[in-house]
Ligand code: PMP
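Take a look at this single chain in structure tokens; it is the form predicted on its own.
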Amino acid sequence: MPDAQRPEPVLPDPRNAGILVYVNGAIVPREEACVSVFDSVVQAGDAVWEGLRVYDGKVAELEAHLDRLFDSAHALAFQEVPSREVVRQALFDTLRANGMRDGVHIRLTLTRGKKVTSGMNPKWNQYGPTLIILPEWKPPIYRDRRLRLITSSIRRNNPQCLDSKIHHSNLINNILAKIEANHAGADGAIMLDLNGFVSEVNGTNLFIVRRGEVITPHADSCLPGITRGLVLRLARADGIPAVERNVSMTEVYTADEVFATGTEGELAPVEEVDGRRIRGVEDRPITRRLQQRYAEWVRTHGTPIPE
């Protein structure tokens, strides 16, 4: 499209026009934050990442996110990975440079790094990994909303194809599912596993509530999300039965409550799935209870940002 016909881009939050981004040791304005065309994330989506959130001067579940980042990098055989302390310090430095202490979402990415020539072979990665820290002013994306979902025709990878416990950046099947949701005018798409059971929503984990019990799919073909795990712990600590098991779409349609979880969106109630209205969406007592417990937890726990 010629520039004259392209609409002017609109940032969700105008403050993000002036953010500073960390790229391999340098903190620079967003328009100067670049990686090489030879970087693995450009060549093949060969990177791992974490989404983190900042509440009241604290990074929620930081250590759990770093555990997953380093586990994923190790599983993908990244070499010369920066130390945990280097990543932590870079994160804190970037937040301080932006004056960010609340209402912030961070995309932390570690790529396999730049190659000496284009191609898939990791032997060409001879520069070491690339670390990117992208913080934005961003409230929970589904706050005060009730979601409408469809079922996607795109299946979620299982360990026969690509283990979901690697939090990698090659998300094309999830993107294809989101495209289906966009065309249907829905907020997201439920992806099934290769056996037809529920896996997750294209960008979040999924929970149902039936007869007072909180249920979520096994983390076999879905990401074992940090928020997902925290919700399971909070439910059990609050005396709410919480289990992981296979979930069919019929169980989703007939659930008393349905909600999605993720760091970017926190806990979001689901109103409708494939045109079926969720029966308890108006009252949703367990969803509300867990939303309150989650809000209390993330604002009273977490890793403080050093002054």
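Model, not experiment: these values are computed from the prediction. The numbering used is simple: start at 1 and walk along the sequence shown.
One more form of this protein exists, namely the form predicted together with the ligand; it is left out here, but the text below deals with it.
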property	result
Contact label in the model of the complex: residue 112 to the ligand, heavy atom within 4.5 Å	no
Contact flag, residue 203 vs the ligand in the model of the complex, heavy atom cut 4.5 Å	yes
The ligand contact in the model of the complex: residue 225, any heavy atom under 4.5 Å	yes
Proximity of residue 174 to the ligand in the model of the complex, heavy atoms at 4.5 Å	yes
Answer option from 49, 253, 55, 70, heavy atom within 4.5 Å of the ligand in the model of the complex	49
Which of 88 to 96, 74 to 82, 226 to 234, 134 to 142 lines the interface with the ligand in the model of the complex (heavy atom within 4.5 Å)	226 to 234
Those residues of 142 to 177 which, in the model of the complex, come within 4.5 Å of the ligand by heavy atom	156, 167, 174
